[in-house]
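As structure tokens, one chain now follows by itself in the form predicted on its own.
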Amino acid sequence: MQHEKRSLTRNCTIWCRSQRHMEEKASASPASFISQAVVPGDVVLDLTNFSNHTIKLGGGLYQNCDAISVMKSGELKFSKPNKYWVESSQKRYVPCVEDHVLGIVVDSRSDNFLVDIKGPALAFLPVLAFEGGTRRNIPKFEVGTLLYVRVVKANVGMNPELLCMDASGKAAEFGPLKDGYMFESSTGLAQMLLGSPTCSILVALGKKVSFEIAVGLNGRVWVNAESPSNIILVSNAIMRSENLSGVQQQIMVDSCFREFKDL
């Protein structure tokens, strides 16, 4: 009986400490969590403190009443003016609204193209989801065509929806990617390549050779250059850069091009 009482008291104490810990986190300033490690269950924002503001949630966060909680481990990130998300490295991609991704056309129907974006389900790309799109100028994409697209709908249990336009309705950089070479990576490497300021590996490569690159947050990277050898060099250097520091990336790029010249 005494053992049961001690167990009950200990469990109550742990629960109370946990509740107090969560309350302290919820009342803390959002800035205190930026660039910090977070785990599922952490409360990072209290919406009662943002009554006159609009907040955009990216991947890894969800709203529970007036609290914004974490649903996957990673590092909390913020971009001006009002977007929060959890950044982590993983092979599986979970679609999120406003993500820019690389998709592969796998089928076409009367109203939609079916596109593989490495998510749990195929995405829909409406045939009119292009700048100036009408029934008279529907694009024709063969199976296997690589597209740079934007996610506009990503509801749980439903197929994501894509657009080949920016928020203003312009094609901008979106559309088919021709020639070049596409390889798959972790989402962490994709986030690193898209980071600001420009990551060290892209700066180092840009000093050596001219090339084009398109990076999808779904862990796909497309590279194009003047010659196949340059495409291979750039692609290999990027794939090897994920776990290297900025200085190590510079050294690795110099080594790759030096070895290539010696061949």
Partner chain sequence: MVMEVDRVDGRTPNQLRPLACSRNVLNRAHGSASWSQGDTKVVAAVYGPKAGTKKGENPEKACIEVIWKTKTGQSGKPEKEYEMILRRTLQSICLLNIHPNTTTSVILQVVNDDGALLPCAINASCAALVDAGIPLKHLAVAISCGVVESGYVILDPSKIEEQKLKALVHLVFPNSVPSVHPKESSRVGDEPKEHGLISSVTHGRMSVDDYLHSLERGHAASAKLSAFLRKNLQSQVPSNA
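Just so you know, these numbers come straight off a predicted model, no measurement behind them. Only the largest set of C-alpha atoms that superpose within 1.5 Å between the two forms is called the rigid core. Numbering follows the first chain given and starts at 1.
Not pictured, yet referred to below: the form predicted in complex with its partner chain.
- Exactly one listed residue, out of Val221, Val43, Ile238, Ala225, brings a non-hydrogen atom to within 4.5 Å of its partner chain in the model of the complex: Val43.
- Comment: its partner chain is not present in this chain, but in the model of the complex one of Pro120, Pro176, Pro81, Gly169 has a heavy atom within 4.5 Å of it, namely Pro120.
- Listed stretches are 85-93, 104-112, 145-153, 132-140; the contact stretch with its partner chain in the model of the complex is 85-93, by a heavy atom cutoff of 4.5 Å.
- Taking the partner from elsewhere, Ile213 is found to have every heavy atom lying beyond 4.5 Å of its partner chain in the model of the complex.
- Its partner chain in the model of the complex comes within 4.5 Å of no heavy atom belonging to Asp116.
- Taking the partner from the other structure, its partner chain in the model of the complex has no heavy atom within 4.5 Å of any heavy atom of Leu128.
- Interface membership of Leu194, defined by any non-hydrogen atom within 4.5 Å of its partner chain in the model of the complex, is ruled out.
- Residues from 67-83 that approach its partner chain in the model of the complex with a non-hydrogen atom closer than or equal to 4.5 Å are Ala67, Val70, Met71, Lys72, Ser73, Gly74, Glu75, Lys77, in the order they occur in the chain.
- Taking the rigid core as fixed, one finds a CA shift for Glu75 of 2 Å or more between the shown form and the other one.
- A movement of the C-alpha atom of Val43 reaching 2 angstroms or beyond is seen between the shown form and the other one when the two forms are aligned on their rigid core.
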